[in-house]
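Just the one chain here, the form predicted alone, laid out as structure tokens.
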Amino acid sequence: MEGRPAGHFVIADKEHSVIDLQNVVKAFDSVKAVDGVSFAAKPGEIFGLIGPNGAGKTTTIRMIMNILAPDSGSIMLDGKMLTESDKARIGYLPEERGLYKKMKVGDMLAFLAEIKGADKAKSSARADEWLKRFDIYEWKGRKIEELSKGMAQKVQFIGTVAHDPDIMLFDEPFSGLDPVSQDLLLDALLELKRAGKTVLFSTHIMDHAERICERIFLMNHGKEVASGSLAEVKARFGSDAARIEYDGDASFVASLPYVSATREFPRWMEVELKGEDAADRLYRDLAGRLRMRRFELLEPSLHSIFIRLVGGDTAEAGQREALHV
């Protein structure tokens, strides 16, 4: 990774917001895709814009990129309105991928860096480094159309970061990747953070957000549902939980008076609890009816909070997702 040019923001200034949205609104016909959204992403952090499909995440990112204009509210970059010249500082991976199928991988990456005004030799070296890291360097001379969906996704990611931008926006970056490639990408995002980059990514996969995000903004139907650091969100919206592995019939657990929800899998389950002594009561009740192989207390998961806050609210999902919001 190359050093940051003089004049860019100072990473140590944690009060400074790189991306700042205030009361942003965007409507399409009768649907408010984004409805009064406010958040700020700080230097050198990974910020998660999370929510179900159709929540307004893509529209929000497109407005940050100035592809769409907000109907009202403000979007600032380093305290100023975004200009076309600022876009060279931004790496953007859209939800709807776009690569020229007849171009060779190396030529495609060189082109993407060139339109951002990057130094050709430096961007080429960075692209080669990422190609090797993602184990697709030998495909550099092959055409995009010869790649698998997952390989093309990796190339698109490399094209997003090869010009060494300060700010990176990834819209559903894990789409189309197998679990191994997803882990590679998660590690790559953490490396970008360590290099001082500001990373904002959208996802509806809570496990990914929980693994790498410092702060999150959960939205649904265009509005804020919860926001803050993971610890703050868990303290406010989470509940105590237990994971049990067992042999036997555990169907009775969901009906226990101190159990608020369960996630059941073959031979194990996660149980959300309510009440100060709920964990002790659960352990006693299980011991008499199941053969337990494991009983572990857990902190609230982002997945369970997501399900509680937006899981049952799907009435408008199809309409909003059709609008690609």
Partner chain sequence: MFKLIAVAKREFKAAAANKTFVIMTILGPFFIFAVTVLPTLLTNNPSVMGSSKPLAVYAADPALGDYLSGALEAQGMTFLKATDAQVAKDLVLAGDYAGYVEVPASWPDEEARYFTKTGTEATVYGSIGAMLGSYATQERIREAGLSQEQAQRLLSKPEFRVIKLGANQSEETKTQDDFLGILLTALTFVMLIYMTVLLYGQMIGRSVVQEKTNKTVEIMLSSLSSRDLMFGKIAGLGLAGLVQYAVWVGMGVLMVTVVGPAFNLSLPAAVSVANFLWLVLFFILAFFLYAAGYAALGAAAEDEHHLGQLAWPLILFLIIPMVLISTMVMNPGSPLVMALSFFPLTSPIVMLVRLLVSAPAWWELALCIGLLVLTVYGIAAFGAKIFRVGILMTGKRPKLGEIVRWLRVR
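Bear in mind the structure is a predicted one, so any value in this text is a computation, not a measurement. Positions refer to the first chain, counted from 1.
Unshown form predicted together with the partner chain; subsequent notes refer to it.
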{"item": "The partner chain contact in the predicted bound form: Asp187, any heavy atom under 4.5 Å", "value": "no"}
{"item": "Contact flag, Tyr137 vs the partner chain in the predicted bound form, heavy atom cut 4.5 Å", "value": "no"}
{"item": "4.5 Å heavy atom contact, Ser255 to the partner chain in the predicted bound form", "value": "no"}
{"item": "Residue contact check: Gly79 to the partner chain in the predicted bound form, 4.5 Å heavy atom", "value": "no"}
{"item": "In the predicted bound form, the residue from Gly248, Gly141, Pro179, Gly98 that sits within 4.5 Å of the partner chain by heavy atoms", "value": "Gly98"}
{"item": "In the predicted bound form, the one of Glu129, Glu214, Asp183, Asp71 near the partner chain [non-hydrogen atom within 4.5 angstroms]", "value": "Asp71"}
{"item": "Whether Lys26, Arg62 and Phe111 all lie within 4.5 angstroms of the partner chain in the predicted bound form by heavy atom", "value": "yes"}
{"item": "Among 191 to 199, 224 to 232, 206 to 214, 114 to 122, the region lying within 4.5 Å of the partner chain in the predicted bound form by heavy atom distance", "value": "114 to 122"}
{"item": "Any residue of 167 to 192 that, in the predicted bound form, places a heavy atom within 4.5 Å of the partner chain", "value": "none"}
